[in-house]
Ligand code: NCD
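To begin, one chain is listed below as structure tokens, in the form predicted on its own.
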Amino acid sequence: MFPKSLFNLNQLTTAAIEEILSRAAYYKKKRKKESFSSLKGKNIVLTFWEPSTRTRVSFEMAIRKLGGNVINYSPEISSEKKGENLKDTVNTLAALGADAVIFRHSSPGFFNLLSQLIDIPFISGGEGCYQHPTQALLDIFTLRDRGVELSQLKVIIVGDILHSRVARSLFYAFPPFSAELTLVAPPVLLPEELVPRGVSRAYHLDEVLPEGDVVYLLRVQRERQGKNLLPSLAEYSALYGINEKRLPLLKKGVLLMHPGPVNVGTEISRGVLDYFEKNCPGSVLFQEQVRNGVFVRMAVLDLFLGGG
């Protein structure tokens, strides 16, 4: 049911996704237990070529809770600085006893190629603008864990769709459960050819916002754009941010999600966050997503690396 490595959600059947969600629910139920043993004796290399807090720390916690050994490999102080190429680096890690590699890299596809040359599993923690499969899985888990029925759920994803690996994973996470996706962004960040079949797009947030059962916010990834595609963040926020003026447009009972880090004042205003905290506690799922990341990544590591 599960491939050797996990690079994208296209690799997983709906049954496989259901198995991951079920295993994550088990680990969340048993969260007070200190540790498990499915990775006992296994050396898992954790190596990120891009900054990360949530993903990296939750993967490390997941490995430790499953009884595995975490090997933190830091590219900035490795032999790559002496000219060693990435293939030789990974070969060295495998020769030293690495049983698997969890990675984040700015260049999509390179580790997929390595997986065909080096016989150890690879788990993606995010690749450039390609995909971030475990983030999408934890998002689905978070909604299901809240008792949300995904069938016919209307999800509005707002933000930098073009550069978002999270959005590209959500393209494949929601449709198998019959949820309806609408993508919203400025035209420059939402080219028509990017929108998958069965997914809607819009360029005016106010027109579709009242329909959203879930509003999923994405940050503007200026570090990936290479050039300034937007006149200013202030203009973007005025047109696509969730601010006090848009509060009346939000559906009653709406859930707000964000993969982090949240740029308060751009994707969402402080006033809106304060309003939800006071009047709709539990509707902002940002921290809940973070907490659930550990359980979902435990499930992925167990099923992919621990033999199920």
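Sequential numbering from 1, following the sequence displayed. Keep in mind it's a predicted model, so treat the numbers as computed, not measured.
Keep in mind the form predicted together with N-carbamoyl-L-aspartate is missing from the figure; the text below concerns it.
**Q** Of V101, L183, L189, V166, which residue is found within 4.5 angstroms of N-carbamoyl-L-aspartate in the model of the complex when only non-hydrogen atoms are counted?
**A** Here the answer is residue option V166.
**Q** To verify the annotation, which of these, R54, K28, R246, R64, has a non-hydrogen atom within 4.5 Å of N-carbamoyl-L-aspartate in the model of the complex?
**A** The residue in contact is R54.
**Q** Is it true that H132, Q135 and G260, all three, sit within 4.5 Å of N-carbamoyl-L-aspartate in the model of the complex, judged by heavy atoms?
**A** Yes: H132, Q135 and G260 each sit within 4.5 Å of N-carbamoyl-L-aspartate in the model of the complex.
**Q** Counting only non-hydrogen atoms, which stretch in 235-243, 54-62, 273-281, 37-45 is within 4.5 Å of N-carbamoyl-L-aspartate in the model of the complex?
**A** That would be stretch 54-62.
**Q** Is K154 close enough to N-carbamoyl-L-aspartate in the model of the complex to count, meaning some heavy atom within 4.5 Å?
**A** Answer no; every heavy atom of K154 is more than 4.5 Å from N-carbamoyl-L-aspartate in the model of the complex.
**Q** Test of understanding: in the model of the complex, would H105 fall inside 4.5 Å of N-carbamoyl-L-aspartate by heavy atoms?
**A** No.
**Q** Is R201 part of the interface with N-carbamoyl-L-aspartate in the model of the complex - any heavy atom within 4.5 Å?
**A** R201 lies outside the contact set for N-carbamoyl-L-aspartate.
**Q** Test of understanding: in the model of the complex, would R144 fall inside 4.5 Å of N-carbamoyl-L-aspartate by heavy atoms?
**A** Output for R144 is no: heavy atoms all beyond 4.5 Å of N-carbamoyl-L-aspartate.
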